[in-house]
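Just one chain follows, in the form predicted on its own, and it is written as structure tokens.
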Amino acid sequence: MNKHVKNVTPETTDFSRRSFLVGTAATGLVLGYAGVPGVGEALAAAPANFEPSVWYSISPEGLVTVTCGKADMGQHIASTMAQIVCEELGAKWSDMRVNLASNDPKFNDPVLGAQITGGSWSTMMNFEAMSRAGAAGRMALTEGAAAAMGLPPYFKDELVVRDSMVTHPKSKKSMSFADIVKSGKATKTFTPDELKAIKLKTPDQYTMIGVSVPQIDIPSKTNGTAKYGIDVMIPGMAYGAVVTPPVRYGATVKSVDDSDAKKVPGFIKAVTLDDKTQTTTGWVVAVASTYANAKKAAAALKIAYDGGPNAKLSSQSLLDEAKRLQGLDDSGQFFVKDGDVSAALGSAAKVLEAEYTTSINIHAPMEPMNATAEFKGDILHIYSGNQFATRSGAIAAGAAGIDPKFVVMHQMWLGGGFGRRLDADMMVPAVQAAKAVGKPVKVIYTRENDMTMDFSRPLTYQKVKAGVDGDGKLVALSHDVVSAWPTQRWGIPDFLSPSVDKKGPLDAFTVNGSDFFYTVPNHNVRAIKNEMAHNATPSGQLRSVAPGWTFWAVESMIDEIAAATGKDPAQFRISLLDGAGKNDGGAQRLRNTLLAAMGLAGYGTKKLPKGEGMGVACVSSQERATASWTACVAHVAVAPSGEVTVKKLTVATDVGTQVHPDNIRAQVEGAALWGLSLAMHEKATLKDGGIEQTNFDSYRPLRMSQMPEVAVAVIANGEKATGVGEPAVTVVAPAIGNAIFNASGARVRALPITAEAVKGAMKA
């Protein structure tokens, strides 16, 4: 990320451009949201509550309700935020509640300056702010309790806060949080400087952090009271079913014949989208009184399309273009440019060169994309589960042709996100349909809509060239990464990074991970935008983002170098993780994590049967500045046919401070299995401009019958809390690829790994 995004500012004043609509997301909201009639009143907490911070309130009944500004998609981030607050506040866990934030900018991430959930940033970037909020509340409550008990003000330092009670041991007086709030004596407020000056607990003082408390959101999710976007019901609303063109992007509607749709009971209207935000192209939404009838009406529409400029493109087209671009000396911009790579390669004793590819991958969360739009006077209300409220509010505003300050986002629980709900395409048909028919409209995608119109993980092509000296020491590495640029598509300048060769901004979210912690004196990384792929397959951020492909290349090449120089691949990594120069600190933590994974897996201590092997990989995902140090040992069996069975994944991860051990373990296990699914099973293909896979019969993620044993070691050392949702995704594929080589001698360089590719490499 580019020094953490603080201001999401507009590039231009041209309303027809998506970049402006996106850019005004923060500025419009910040300047105008509080001034929208009726909005502030609707969102304000009850006057009787005590609000020590924007992030939580305490009711006269003593209930502490934490407002979570992050999207909760099953990772329990709302409960995690509550747990961090609870630690410093001194509340009883059974008194804690959670609430999901609106798009009011007061709920923006304190580091990012926007409402966004991704990058495994949430706990890492909010731990301190939530801790300080909790501590401030505790201090205000103790001061209020001292006043209510009739104690001199200086006695407040003698008060003990625990389990929602404030006690004065000497006088044996005590008050509950509820009684303090009722007394009205808790009134202290804090300036930003005073908040920063609060001394927080040290890890040895924690009583809540590091405890696997019951997750607050589980009861409502199991009894059906938790509301997801798909659950939204508004009196008098209609339903919309979208009809999408056969081309992923660039098609236009030439004509719509709705004569058969009019025969469907409850049919209201077919609305051809006029999407000035350029999120969608060539979409029509059929509106009817029920969702079933909306789907029937959508199927009855006869629509003629102009396929546009991408109608003849295929996955092979995108790959061919990527290879062409990589071969041009002036392509792209440099993300890393250390030393003199050309000279070092020219004098190297041995040079290795390899190409690595990944396929288009689809998010496919279980809850299909959906949104409900309702106009109330001048205010547009959007009900949806979304990972980027700041940007999505602007997209909704652009679809409606209104100022973003007149959009209120009602955040819902997410039935899976994984980066898919960073985009707001589902809001466009809901908004324009609601505007066209004059009533609220709920749009629900079919699985086919969602898969063929996904903002997918892009097809990538990487070329890596490495040079070693006569002692087998890695002296140079050149790494070219060619892909669509998902983050540039957002049109938010502050999410881009300056190139080191000063050729303009680049999308670091396509190359993060390539700036590894190995000591290599001569190291280049070139980020190359594949404009063809960028236009034909508008890409998004899929769980793990760039490290999901950059570490596939880096960690595979490191193994190839070790093999070529006759070194053990794990020990070769350890020698490169010497912590020299800019790698100090990070390299040591990654080395320790690798050693932990090796020890837990028994790497190097077991004699394996013929056709079996172990492979290692270690990563600093998600980004160099926000890394969680993660390593994997994969144990595989390879049959003569090339079929690969993953027998066990052993993952170690250094998370610094662990808030909820069970949740961390669950996330690491889930991330590792997602990484396995991407490595071995998932592949989408483009043909004639459209995604060929439409459902789970043709796009096949990991099945339960294919599950390996998963062992997880969590290293908690009291350092700053890091993220855990994504890093384990990125380490699994290269560990499996390296294990396949050790089991069979077959070197695979394309994801997903297929039996055909393994068998072919075995013969080679």
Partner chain sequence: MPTLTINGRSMSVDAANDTPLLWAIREQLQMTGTKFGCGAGLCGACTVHVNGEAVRSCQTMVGDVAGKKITTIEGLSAKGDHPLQKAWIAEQVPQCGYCQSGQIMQAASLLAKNSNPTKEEVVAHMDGNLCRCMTYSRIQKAIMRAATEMRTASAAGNERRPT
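Residue numbers count along the first chain shown, from 1. Note that the structure is a prediction, hence the values are computed from the model and not measured.
One more form of this protein should be noted, the form predicted together with its partner chain, which is absent from this view; the next part is about it.
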Open item on the list: Counting any heavy atom within 4.5 Å as contact, can you tell me which stretch out of 390-398, 574-582, 367-375, 166-174 lines its partner chain in the predicted bound form?
Closed with: 367-375
- [ ] With its partner chain left out of view, choose which of I444, M557, L159, A627 has a non-hydrogen atom within 4.5 angstroms of it in the predicted bound form.
- [x] I444
TODO: Sort through G416, G339, G210, G113 and report the residue having a heavy atom within 4.5 Å of its partner chain in the predicted bound form.
DONE: G416
Task: E682: touches its partner chain in the predicted bound form, heavy atom cutoff 4.5 angstroms - done: yes
Task: Distance check, R132 to its partner chain in the predicted bound form, heavy atom within 4.5 Å - done: no
Open item on the list: I'd like to check something about R591: if you look in the predicted bound form, is any of its heavy atoms closer than or equal to 4.5 Å to a heavy atom of its partner chain?
Closed with: no
Task: Y239, heavy atom within 4.5 angstroms of its partner chain in the predicted bound form - done: yes
Task: Contact set, 521-549 vs its partner chain in the predicted bound form - heavy atom within 4.5 angstroms - done: none
